[in-house]
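Okay, so here's just one chain, in structure tokens, the form predicted alone.
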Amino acid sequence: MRLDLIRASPTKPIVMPTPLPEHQRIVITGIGLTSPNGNNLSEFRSNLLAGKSGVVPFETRYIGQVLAGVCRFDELRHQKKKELRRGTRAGSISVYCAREAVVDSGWDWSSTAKDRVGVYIGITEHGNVETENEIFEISKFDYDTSTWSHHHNPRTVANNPAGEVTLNMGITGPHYTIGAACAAGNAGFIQGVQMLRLDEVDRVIAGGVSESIHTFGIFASFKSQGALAWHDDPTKASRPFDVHRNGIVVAEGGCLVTLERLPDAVRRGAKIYGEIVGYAINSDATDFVLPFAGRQADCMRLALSKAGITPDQIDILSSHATATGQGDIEECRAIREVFGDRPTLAVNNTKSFIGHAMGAAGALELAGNLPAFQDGIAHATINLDQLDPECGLPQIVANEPRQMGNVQYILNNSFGMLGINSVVIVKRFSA
């Protein structure tokens, strides 16, 4: 592939790739989601624009009351009670989101070649919930392991959430989950794009899910780090960029989308939410937990390079910021390094509404911004009462939505532990 230099930066050049052939252009045609403040895109978007939080008090084993983002979707809409008992919470979320995405896409499911459908679901972790539950149950019987569930192994294998989708929907194409910490939602999208471009599949269900609130261990670990958020008003607990932020609100949720090649979508007259035009994944290689602005900036530059655009073409930047002290600061440094102080950029944050949905975070955050291509509005970052000077980006959309007008490009940041960074860029669709 020939690369033409279009702009230089102090570290890495941004380059323009040769335009992709039509069959290599990948578009989003359906969205299924459940979040703490909405169980479909319309409801989710409305609550983002209205500033409605989904964070509530939540009781968890051994710790007591914490704050969490809790989903309340209809579990029996696409599954029977027996399937719910045998499966997992992550699997149930995945089935719900996958089924809803397919309905939204308008695919004729009955005539779809199921062996040409791929399922790629990003997760932060999987299996902790089931293992904790089983240990708690056998503790009631003096730790007699004969009472251990024979369903434990299929519940805890890493491919479980994607596998439950294939079982429920009769999909015989490839499926797997992608362990990418809190960068996993973007990683699911990226895998789907790559598999379509490689002609391994014709249709994709991809994104991220999380059942994290059902494991007490995640709350205990964040608490021991001093990184578990608390506020007398649960709706104000998640406070990215605010000087008084005090940690993460753990959330569950899921967002899966349908992806397909542009000619296929056009041929059937599909609605198109946007075209994935750029992406990147890289690694900090610096620390188990602490992020590094330099590598985050490199990841954004690489995604821009693959999209063949410059930083000044991004209209909305969906930030990863989790409301941790150093994490928010590092991302703001990275954004400033790549985008400078350009006032026309809108930087927003979805975790301020729903908490940190871990493996689902990046997918939900991108989905909540996609309607901006139609309504021209960047939703806000709520609970931002006093901006931390070290997070002092002038582009942050604080507390009230911003009217943007014509939105052409959205960049979605999603970063995770062990220094994994991911970026996805979506363009407003034009033929």
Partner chain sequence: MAPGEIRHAILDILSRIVPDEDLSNLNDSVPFRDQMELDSMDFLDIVMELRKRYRIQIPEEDYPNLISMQGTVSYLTPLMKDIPARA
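The structure displayed is predicted, hence computed values, not measured ones. Positions refer to the first chain, counted from 1.
Keep in mind the form predicted together with its partner chain is missing from the figure; the text below concerns it.
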{"query": "Partner-contacting position among 197, 336, 86, 231 - heavy atom within 4.5 Å of its partner chain in the predicted bound form", "finding": "86"}
{"query": "Contact residue in the predicted bound form, from 77, 82, 72, 267 (heavy atom within 4.5 Å of its partner chain)", "finding": "82"}
{"query": "Interface membership of residue 151, its partner chain in the predicted bound form, 4.5 Å heavy atom rule", "finding": "yes"}
{"query": "Heavy atom of residue 344 within 4.5 Å of its partner chain in the predicted bound form", "finding": "no"}
{"query": "In the predicted bound form, residue 147 touching its partner chain (heavy atom, 4.5 Å)", "finding": "yes"}
{"query": "Contact label in the predicted bound form: residue 288 to its partner chain, heavy atom within 4.5 Å", "finding": "no"}
{"query": "Region of this chain that lies against its partner chain in the predicted bound form, out of 303 to 311, 174 to 182, 136 to 144, 238 to 246 [heavy atom, 4.5 Å]", "finding": "136 to 144"}
